[in-house]
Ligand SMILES: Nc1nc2c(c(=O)[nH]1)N[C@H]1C(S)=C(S)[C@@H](COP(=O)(O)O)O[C@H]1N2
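Form predicted on its own, single chain, as structure tokens, below.
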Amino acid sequence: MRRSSFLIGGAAASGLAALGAGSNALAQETITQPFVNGSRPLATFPQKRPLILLTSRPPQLETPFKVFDEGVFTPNDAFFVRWHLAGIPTSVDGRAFRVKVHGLVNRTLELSVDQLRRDFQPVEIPAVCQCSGNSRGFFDPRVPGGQWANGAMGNARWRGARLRDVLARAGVKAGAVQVRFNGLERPVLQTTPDFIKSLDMDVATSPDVLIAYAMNDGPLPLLNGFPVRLVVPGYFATYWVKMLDDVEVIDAVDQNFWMKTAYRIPAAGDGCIKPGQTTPTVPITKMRVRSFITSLADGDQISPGSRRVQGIAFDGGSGIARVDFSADGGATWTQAALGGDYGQYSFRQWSSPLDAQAGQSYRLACRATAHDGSVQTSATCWTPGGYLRNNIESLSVHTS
């Protein structure tokens, strides 16, 4: 496994070395996302099938939405990619890699990937990793940032060591307030803040937060954080630090740029405000309940007859209680059948029958309800950062 991981990291280097002009040469075709300026090339990066290219440096690659109909877990080669800084390694030696644990602890640790595997109980958790800016391209008025459609998310089986077990090995001292995380991602300019994220102690020591070394029974792709990344189930991906090599226990709330200034949402109410409104902010944390239709796309022509429409749903960790389906734009709803339950943080597949009559048009919609009682509504959340979109999604199909 050590050699396999090392070879995978090395193999990725040859393709990543030319992330600038080289990535443009890899573009194969263009697709159009359903919003203004939505034209995007498909590009192939190392260890990845063709994905939707937003930027090549730093790499931002979106999963084509049809992938989510392939199964409940997103294949590693189709998993979206989001880096913040252009200085990412083009190769990582998995044998030499170490995770340093320091700060307000009794003993400093420097752990190899082999030690994380061997010395700590392995834990596997299915969980959705979703970019905070997923669906930002649909915001109206538009907001700055990566103009993602709905494919900046993925569901995987993550395996690793519990962060709390690692912290227990180091021995957290009294007075600890947060745990701060850094990875191999680096800024090109000294004036650019390093990408660092922090979690409160109660979150960092919860049993579900992992230092993950495996993804869907294989090593992490280099672009998804090889050899290890932080996994924070239920939280947006901004906390899922890739190539995690530094864990620091601190005695105060972190004031670095990526916590104090970036990735924040309105503090009042449900976090949604009107354009132009100003309000105090707090860091974005947990995801909200969402559902999508995956078996059809907007504008599809379908044959008359009976079929099953299927999709996925998820939330921030309470799990999906039910999904309702509508074939008339939300005028009437029927309860959909839920697929297998892979855990509270995972995609939950659903399906519902559709009796399509010849020559008709249908406005299909889905609405998820989580176990904590939260439910999708038709109201659209607007935030200055383009976060928290979770309104009812719909699409139109026509019978031939």
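Note that residue numbering follows the sequence shown and begins at 1. The structure displayed is predicted, hence computed values, not measured ones.
Omitted from view is the form predicted together with this ligand, to which the following refers.
Contact of R82 with this ligand in the predicted bound form (heavy atom, 4.5 Å): Contact with this ligand, yes.
In the predicted bound form, L296 touching this ligand (heavy atom, 4.5 Å): No.
Close approach of G316 to this ligand in the predicted bound form, 4.5 Å, heavy atom: Heavy-atom contact with this ligand at 4.5 Å: absent for G316.
G183: touches this ligand in the predicted bound form, heavy atom cutoff 4.5 angstroms: Yes, G183 is a contact residue.
The unique member of A127, I312, L210, V241 whose heavy atoms fall within 4.5 Å of this ligand in the predicted bound form: Only one listed residue qualifies here, and that residue is V241.
Proximity to this ligand in the predicted bound form, single hit among F325, F138, Y263, F97 (heavy atom within 4.5 Å): Residue within 4.5 Å of the partner: Y263.
Stretch in contact in the predicted bound form with this ligand, which is absent here, among 247-255, 110-118, 224-232, 273-281 (heavy atoms within 4.5 Å): It is the stretch 224-232.
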